[in-house]
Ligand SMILES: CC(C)(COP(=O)(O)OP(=O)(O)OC[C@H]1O[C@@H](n2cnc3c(N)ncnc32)[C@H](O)[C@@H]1OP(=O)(O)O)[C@@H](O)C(=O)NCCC(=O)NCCS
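In the block that follows, a single chain appears as structure tokens, in the form predicted on its own.
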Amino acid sequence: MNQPIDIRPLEEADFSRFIDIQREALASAPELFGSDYDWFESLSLLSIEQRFEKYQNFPSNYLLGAFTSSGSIVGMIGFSCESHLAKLRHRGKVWGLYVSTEMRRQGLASRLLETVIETARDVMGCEQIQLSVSKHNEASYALYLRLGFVVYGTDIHAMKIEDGYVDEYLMVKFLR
């Protein structure tokens, strides 16, 4: 990597930076996310704040950010685990992986995902992590395979974009 990157859970003070990277992600890669740019822009600031606060519960529900030394956020990933439910606390879910275009191909997505995996396994005691990835997202799919995720199904027509559909691979990584 060309510059040092700090990876940490997003905090309340990161709210405006979260909005910036969320907008960037939804605008630049609409086929990769369940949310869309127009929907996000239609939300009130209070609604966005409430959604952001929902993921301020490290280590069970959080957003992890990658920050440059100047404080810019250049990557993010979400993690959720229903740790309060005895029958579901053994598994977590990864979502929303995004790295800014100028920071790609530097191993940042791997670092983000590896940090989530380590926290899920070592702090949360999760036995597995699940995720879904668009069949068109070859780079992320290859990353997930490289880090030990396997496909266990396909969600046909998982999203509808304009006049077409996007299928998603359902993937899992067993941690124990």
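All residue numbers are counted from 1 along the displayed sequence. Not measured: the values here are computed from a predicted model.
One more form of this protein, predicted together with this ligand, exists but is not displayed; see below.
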property: Residue 107 within 4.5 Å of this ligand in the predicted complex, heavy atoms; result: yes
property: Partner proximity in the predicted complex: residue 63 to this ligand, non-hydrogen atom cutoff 4.5 Å; result: no
property: Distance check, residue 129 to this ligand in the predicted complex, heavy atom within 4.5 Å; result: no
property: Partner contact for residue 143 in the predicted complex: this ligand, 4.5 angstroms, heavy atom; result: yes
property: Stretch in contact in the predicted complex with this ligand, which is absent here, among 43-51, 65-73, 120-128, 144-152 (heavy atoms within 4.5 Å); result: 144-152
property: This ligand in the predicted complex: contacted by all of 10, 57 and 79, heavy atom 4.5 Å; result: no
